[in-house]
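The chain below stands alone, shown as structure tokens; this is the form predicted on its own.
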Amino acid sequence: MSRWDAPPWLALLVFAALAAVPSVLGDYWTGQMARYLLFGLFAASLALVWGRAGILCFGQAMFFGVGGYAMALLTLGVVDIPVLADAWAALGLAVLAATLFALLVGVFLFWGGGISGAYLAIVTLALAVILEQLVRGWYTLGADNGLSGVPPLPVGDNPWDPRPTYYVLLAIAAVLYAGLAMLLASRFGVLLTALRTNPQRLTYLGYSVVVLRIAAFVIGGAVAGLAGALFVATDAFASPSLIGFALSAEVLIWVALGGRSVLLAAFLAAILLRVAESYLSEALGEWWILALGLLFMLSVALAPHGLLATPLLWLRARRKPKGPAPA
């Protein structure tokens, strides 16, 4: 398992448990969990960029929101391209829009001398805030009111039954996670680890650090854009809150609590924290945010690798073959 994101048997167990949700929970929670799956994919996109490539992006919601707004504009007919009014064709173009936007931002951030560390976090945060304010003032995008009435994905015969949509989204999440896990287990995943731990050595070996950073950034942006486009189609609403600082900060907390170095941990943390928020926000009201902040601080202090990733990393270390004993 040395280069895999998590033990394959554990990933299979997680997705099998998620597949049982509609049988155990009612329609309301099935619909909610469909949205939480997409937040899980969103968290996995940041875990790839931050935890694996070492790029702290404080504006990951930019790509989530670009994918979501592109999906809304196409399916609502605001952008009048009849062939792209079909939900699946619009989904493909929405992901392409988020990917190209991530490429543009990545070239801006990393080309030449590049930006890194705290400066990168500040610049990406500033970009997210600027983009959110642009959306809020753009009436074609609905301004502060957003865009409502986004058509749902054409799955199932009954539009009020959330189960078909849930299973489609779960299948997309499972396939995408498997693809990312295989990517991380490949040579490219090794290069991402080296990019995070020792970029200078990569340069000495003839690899382009700039190209690797842009590639990781673009892949993360594409995954976030797909999650955003699917979320808007599932929620039937695109709002400025999907694109700015608040959601960017929230996904950062999900990933940090779950564990930024393990995509499966980040994916699960987003789902579990959204479920917890549904219950605790009613019990604690606005104090729920304070509780989440305290949990974040405790996690950083006691389990810096993440609450879910720590046992997985321990298991990985236990299963590593030991070298020969010294003579």
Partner chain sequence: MDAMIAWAPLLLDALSFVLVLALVSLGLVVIFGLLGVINLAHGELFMLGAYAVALAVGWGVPFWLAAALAALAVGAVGWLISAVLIERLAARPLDTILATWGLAIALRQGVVLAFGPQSRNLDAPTDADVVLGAISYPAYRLYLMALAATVLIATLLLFARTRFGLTARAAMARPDMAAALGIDVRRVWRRTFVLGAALAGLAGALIAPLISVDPYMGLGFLVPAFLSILVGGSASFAGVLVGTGIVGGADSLLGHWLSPLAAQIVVFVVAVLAIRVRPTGLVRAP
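This structure is a prediction, so every number in the text was calculated from the model and none was measured. Numbering follows the first chain given and starts at 1.
One more form of this protein, predicted in complex with the partner chain, exists but is not displayed; see below.
Query raised in the report: Thinking of G77, L184 and I219 as the candidate spot, does the partner chain come within 4.5 Å of a heavy atom on all of them in the model of the complex?
Result: The answer is no; none of G77, L184 and I219 reaches the partner chain.
Query raised in the report: Might L125 be said to contact the partner chain in the model of the complex, defining contact as any heavy atom within 4.5 Å?
Result: It does: once the partner chain is placed as it appears in the model of the complex, L125 has a heavy atom within 4.5 Å of it.
Query raised in the report: Taking heavy atoms and a 4.5 Å cut-off, does G156 contact the partner chain in the model of the complex?
Result: Output for G156 is no: heavy atoms all beyond 4.5 Å of the partner chain.
Query raised in the report: According to a 4.5 angstroms non-hydrogen atom cut-off, is A121 in contact with the partner chain in the model of the complex?
Result: Taking the distances in the model of the complex, the answer for A121 is yes, it comes within 4.5 Å of the partner chain.
Query raised in the report: Taking 4.5 angstroms as the cut-off for heavy atoms, does V107 touch the partner chain in the model of the complex?
Result: Looking in the model of the complex, residue contacts with the partner chain include V107, since a heavy atom lies within 4.5 Å.
Requested in this report: Identify which of P152, G92, G137, G179 has a heavy atom within 4.5 Å of the partner chain in the model of the complex; exactly one of them does.
Outcome: Selected option: G137.
Query raised in the report: Going by heavy atoms within 4.5 Å, which of 245 to 253, 222 to 230, 92 to 100, 171 to 179 lines up against the partner chain in the model of the complex?
Result: This holds for exactly one stretch, 245 to 253.
Query raised in the report: Using a 4.5 Å cut-off on heavy atoms, which residues of 296 to 312 contact the partner chain in the model of the complex?
Result: F296, M297, V300, A301, P304 sit within 4.5 Å of the partner.
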